[in-house]
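As structure tokens, one chain now follows by itself in the form predicted alone.
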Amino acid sequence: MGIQELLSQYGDKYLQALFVTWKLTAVSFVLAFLIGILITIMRVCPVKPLRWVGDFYVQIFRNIPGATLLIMLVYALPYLNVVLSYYTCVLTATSLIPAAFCSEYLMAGMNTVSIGQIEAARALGMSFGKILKNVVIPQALRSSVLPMTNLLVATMLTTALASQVPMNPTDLTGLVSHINTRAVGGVTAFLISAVLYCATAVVIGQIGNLIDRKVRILR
């Protein structure tokens, strides 16, 4: 089946799948970002047990395959009488794993903040929370724009996990499987999906570069 034939029959479904991928990417990234900030605060706070929990989270979810986590959420949780929708399972898997990497990028960004600034904040009587809120985290975010851009792209690619469960409507990768089970789409069906992924990644990269140039800290 050629590209024109595929687009004529499934063009609307490709657009729908693209929007599903964008939605999953946006929601997953926002959740991963919020969880990542929380985990990072735990990893640098003065309370040792919280630091252990934060480090443990990163070590676990940075090293667990996304497909494994999704299978556990979909097929293992029901044995514990916890049944989640397929969409919730995909969203959870595509948020928890990127959150670990988000925390690592923020930790790297925090290392760019000089000790002198933190000592000056302490001299002014600022608490730990205020130092993080007003001094450390804003600079860490400004230094982490490009890594966060890469994380957003990686999160988008991770949403392909949605193809492993019967979501409706489906994402781009799931649509390819749908097409190839009903017609001979072959490599062409994958090619169209890959082009849409690449186009989205390029746009994300350009926006990330633009933001980085505007907020980059010149040293």
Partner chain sequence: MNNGQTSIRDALYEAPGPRARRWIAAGTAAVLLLLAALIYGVIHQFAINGQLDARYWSFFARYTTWRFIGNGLAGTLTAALTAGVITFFAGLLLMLGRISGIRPLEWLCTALIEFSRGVPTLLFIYFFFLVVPQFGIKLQPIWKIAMPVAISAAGVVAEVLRSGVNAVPKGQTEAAVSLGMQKGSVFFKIVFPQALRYVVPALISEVVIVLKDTTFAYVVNYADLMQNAKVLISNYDALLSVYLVVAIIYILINYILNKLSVAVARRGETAKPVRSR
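Heads up, when I say rigid core I mean the largest set of C-alphas that superpose within 1.5 Å between the two forms. Residue numbers count along the first chain shown, from 1. All values reported here derive from a predicted model rather than from experimental measurement.
Keep in mind that the form predicted in complex with the partner chain is missing from the display, and what follows is about it.
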For this session: Decide whether residue 63 counts as a contact residue for the partner chain in the model of the complex under a heavy atom distance cut-off of 4.5 Å.
Result: yes
For this session: Flag residue 83 as yes or no: does it have a non-hydrogen atom within 4.5 angstroms of any non-hydrogen atom of the partner chain in the model of the complex?
Result: no
For this session: Decide whether residue 49 counts as a contact residue for the partner chain in the model of the complex under a heavy atom distance cut-off of 4.5 Å.
Result: yes
For this session: State yes or no: in the model of the complex, is some non-hydrogen atom of residue 160 no more than 4.5 angstroms from a non-hydrogen atom of the partner chain?
Result: yes
Problem set entry | Contact check for 107, 150 and 193 against the partner chain in the model of the complex, heavy atom at 4.5 Å | yes
Seminar exercise, completed: Near the partner chain in the model of the complex, with a heavy atom at 4.5 Å or closer, the residues from 87-120 are 101, 104, 105, 107, 110, 111, 113, 115, 118
For this session: Please say whether, between this form and the one not shown, the C-alpha of residue 130 moves by 2 Å or more once the core is aligned.
Result: yes
